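Let's start with one chain on its own, the form predicted alone, as structure tokens.
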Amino acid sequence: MPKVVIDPVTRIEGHLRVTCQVEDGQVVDAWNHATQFRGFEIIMRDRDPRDAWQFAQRICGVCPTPHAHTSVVATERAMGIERVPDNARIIRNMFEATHVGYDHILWFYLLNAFDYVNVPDALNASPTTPALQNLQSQLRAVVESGQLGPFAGHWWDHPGYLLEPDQNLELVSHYLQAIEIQQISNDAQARIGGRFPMVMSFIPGGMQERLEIEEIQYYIGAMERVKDFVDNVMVPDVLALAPVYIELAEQGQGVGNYLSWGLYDDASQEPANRVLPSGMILDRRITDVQQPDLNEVRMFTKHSWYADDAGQGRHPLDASQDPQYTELPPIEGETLPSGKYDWSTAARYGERNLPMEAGPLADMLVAYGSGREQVVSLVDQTLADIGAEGQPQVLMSNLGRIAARVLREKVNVDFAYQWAQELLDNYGNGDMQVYDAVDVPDSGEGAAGWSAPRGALAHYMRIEGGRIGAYAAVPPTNWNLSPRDDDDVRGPLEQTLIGVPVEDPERPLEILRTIHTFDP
């Protein structure tokens, strides 16, 4: 029974190894190993609560803005602040729109596309336009030089690549366009946020500065270019890929439980009313969306490199951060992981200690099940385009994770202008307020949930003696890449890999594709 180890998993942010046991051409067991210690909860202790968001955004190199945002809201809740001025709410949405604008393009083209697009095969295309002919010539020079750069070291001869040469060349051209477009969205975030990564202007109680008219105009112009790319390139690309790789709809069904804390506040600032609302779907029941509770999250560490009694189903603020590293299981040989094997802790939900999948698929399913008009229309049209009309359950798959991220990007760019207009309207009505001052209390406790590009993100803070007494971050990694819990129930990625076909254990492309659908 072959053991297949991918280490490191490439084209991701962070450090990850995945071990699989393969039998009769498919995965029968799996373990994921986050191989980097985080420790931000330890760094946070005894600091001024108002500084937390500055540290929190360093947790992730790809998603600093959602971490900053969620941290500052958790701080506000601990300080007794339930709402911020409407202009602050709008500016925070604009921050997130630029962040999602860049992130999903980055993932779809730079981190995921070459699992399906065969770059060397593009040399066999017969381009008819000068632009594609020129691109093919440049690509030929790179390939013939033997120095493939970012295209090196991949399994280009794997039979799982199914696109025609002309399609491969077209997608390579879109890859190059995507590099420029994602940068445009990043530039807009740097312009309105002071810089990127690590924006400058959050503060508990609102924003440190209002946006000037020139900055709003710059944002609108940038998001117009991003929207044009999404509408005319990105969405058509996923619709072109889906029929060719339709077998992905039969792979990667996962745990069947989905969690979203919601994204983009409306004027009420209530999570259930967000553009992508908070909610959870259990046991694949799409039409039965329930409201999640941040205080029902529980942490387990039996298989994590922390002391056994650090987790035991505790609330995140009560879970200890006592590291207890043993060893990384060996790559060679037939020995399989056991005991502790992961720096990620196992997040579970509610009395049943459910593993929950987080991410764009969860966000879109919750919005679809909640009847959000634009999402329902987008999803139904996409299902019809790929020949699965009226079958939203096919989205609970590898194909669904890919499509959901593209559709989430479409929702993002469609709403991006609305917030700019709301801000201009408020200014026109004389409302220029972006901040309410509140003193730090002697004690307090708060939590906030948000949907980062990778999925459900929560931060928790307890204030003691005017300082941070305890802090906890539960990012989507603690859900999607959790190890087994204390009852040895697999985490979502581990479960999703079960049953994935492996045509060649020496080139496990199908395993890599499944891992990448989670954007680890």
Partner chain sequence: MSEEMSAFRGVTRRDFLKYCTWLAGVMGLGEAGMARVASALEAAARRPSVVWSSFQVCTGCAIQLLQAREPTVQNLILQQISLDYQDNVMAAAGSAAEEVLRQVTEGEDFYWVVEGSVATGIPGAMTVAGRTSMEVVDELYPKANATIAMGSCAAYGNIQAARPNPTGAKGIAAYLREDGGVADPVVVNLPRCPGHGDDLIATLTYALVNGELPELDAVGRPVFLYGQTIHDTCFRRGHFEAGRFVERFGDESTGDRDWCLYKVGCKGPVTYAPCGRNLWNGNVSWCVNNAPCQGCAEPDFWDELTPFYDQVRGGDLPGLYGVTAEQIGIGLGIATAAGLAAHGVGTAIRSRRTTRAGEPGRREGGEL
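Source: prediction; values computed, not measured. Positions refer to the first chain, counted from 1.
Another form exists, predicted together with the partner chain; not displayed. Remarks below refer to it.
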In the predicted complex, do G350, A470 and F518 all reach within 4.5 Å of the partner chain through at least one heavy atom apiece? no
Just to confirm, G80 within 4.5 Å of the partner chain in the predicted complex by heavy atoms? no
Do N134 and the partner chain come within 4.5 Å of each other in the predicted complex, heavy atoms counted? yes
Heavy atoms within 4.5 Å of the partner chain in the predicted complex: does G193 have any? yes
Spell out, yes or no, whether the shortest heavy atom distance between G25 and the partner chain in the predicted complex is within 4.5 Å. no
In contact with the partner chain in the predicted complex (heavy atoms, 4.5 Å), from 359 to 367, 233 to 241, 205 to 213, 444 to 452, is stretch 205 to 213
Could you check which residue among N168, S201, Q251, N426 gets a heavy atom within 4.5 Å of the partner chain in the predicted complex? S201
So which of T129, S338, T287, S145 gets a non-hydrogen atom within 4.5 Å of the partner chain in the predicted complex? S145
Only counting heavy atoms and a 4.5 Å limit, does any residue of 320 to 335 reach the partner chain in the predicted complex, and if so which ones? P323, Y325, L328, I331
